[in-house]
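Heads up, the chain below is alone and in the form predicted alone; it's given as structure tokens.
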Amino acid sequence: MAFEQPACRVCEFTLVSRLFCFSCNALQPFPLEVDFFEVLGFPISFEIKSAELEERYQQLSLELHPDFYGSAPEAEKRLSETATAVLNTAYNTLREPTSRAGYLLHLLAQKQKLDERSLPDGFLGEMFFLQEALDELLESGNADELSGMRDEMRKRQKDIEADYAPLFKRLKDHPEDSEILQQLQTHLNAERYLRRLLGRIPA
């Protein structure tokens, strides 16, 4: 999916972020359905460097903060508030591998009908077994064994996350390959199950 950088509405400088011009410091109007990669000024890709994402977010947070628009016209104040909310949502979505993968899959698979309940072979039976084991551990209150189960499930989660990058790389050459898109959906479904179980284990 191509990444086209629009121009500033004031100075026509090429925008880094769809929300703000760093050249003339002007807030930018943006469409309701603006994508989160445009918001933070990154190409539409799974691979984003965390340090660069954090730096861009901090830059934009400072420039868009409503406190700086206290004496601005009402329309500009509202734009600042809306842009800040969109920025926060975009950042929180793109900074985590799973939510980034889910959002990117949503963008890439809009014309595809994916099975949103599919799971890897044998995975559901394994999850039922883990759930029963977890119920017993929660009842017994065995902190050491609960910690061991948490570590095991987190490792499984990391293994799933490790597959996202190579699958999205394959999509670059085959952007409408339904098999790869479904593999990604299946991975996301499996990770969702793991997160539910992890959420039941006390911190």
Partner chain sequence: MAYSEKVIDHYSEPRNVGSFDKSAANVGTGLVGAPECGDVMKLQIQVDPETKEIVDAKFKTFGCGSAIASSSLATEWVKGKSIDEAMSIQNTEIVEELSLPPVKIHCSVLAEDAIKAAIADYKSRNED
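Residue numbers count along the first chain shown, from 1. What you see is a predicted model, and the numbers here were worked out from it, not measured in a lab.
The discussion below concerns the form predicted in complex with its partner chain, not included here.
- Its partner chain in the predicted bound form is approached by R117, whose closest heavy atom lies within 4.5 angstroms of it.
- In the predicted bound form, its partner chain sits within 4.5 Å of a heavy atom of N189.
- Remark: G125 counts among the residues lining its partner chain in the predicted bound form, judged by a heavy atom distance of 4.5 Å or less.
- Interface membership of Q131, defined by any non-hydrogen atom within 4.5 Å of its partner chain in the predicted bound form, is confirmed.
- A heavy atom within 4.5 Å of its partner chain in the predicted bound form is found for exactly one of D151, D135, D159, E52: D135.
- Using a 4.5 Å cut-off to its partner chain in the predicted bound form, not one of F168, K172 and H174 places a heavy atom inside that distance.
- Only one segment in the set 117 to 125, 100 to 108, 68 to 76, 82 to 90 has any non-hydrogen atom within 4.5 angstroms of its partner chain in the predicted bound form, and it is 117 to 125.
- Looking at 188 to 203, the residues that come within 4.5 Å of its partner chain in the predicted bound form, counting any heavy atom, are N189, R192, Y193, R196, R200.
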